[in-house]
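Starting off, we have a lone chain in the form predicted alone, written out as structure tokens.
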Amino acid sequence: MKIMATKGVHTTADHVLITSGSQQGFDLVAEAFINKGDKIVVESPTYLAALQTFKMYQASFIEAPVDEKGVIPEELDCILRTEANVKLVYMIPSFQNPSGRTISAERRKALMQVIQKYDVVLIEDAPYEDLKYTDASIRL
């Protein structure tokens, strides 16, 4: 619970589910949220294993345009405004796999404003977030 609290998430053990790696976590998320024909917005490129798991649930993918700073908020807004059946946005904001890109705190805030505007679920995959080489924090 201490790790979650450092990220601004206050919870108890009753609200935590430990999985056997990311694949099990992706499968549980997909089973809970995805129906055949639903769309998932993803970074391009993104983590192949996540795409493979989501595809088993017959989701389709929309690639969000990125620049050197990550997903472009205005482009995400356009996608969410114009595409039907978008259920999830999947991002790896810290040390993105495979690009290695880290999204700045300012851009993360802008992206969250867009996601909240359209009331879409964000799946933040953050396996490498604590692998920093400086004391600078990128957390919101």
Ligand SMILES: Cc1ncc(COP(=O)(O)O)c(C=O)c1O
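Keep in mind the model is a prediction, meaning the values are calculated, not measured. The first residue of the shown sequence is 1; numbering continues from there.
Quick note: we don't show the form predicted together with this ligand, though the next part is all about it.
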> Do Ile92 and this ligand share at least one heavy atom pair within 4.5 Å in the predicted complex?
Replying inline: yes
> Contact between Tyr128 and this ligand in the predicted complex at 4.5 Å, heavy atoms?
Replying inline: yes
> Within a 4.5 Å heavy atom cut-off, is Asn97 in contact with this ligand in the predicted complex?
Replying inline: yes
> Among 22 to 30, 54 to 62, 108 to 116, 72 to 80, which stretch has residues whose heavy atoms lie within 4.5 Å of this ligand in the predicted complex?
Replying inline: 22 to 30
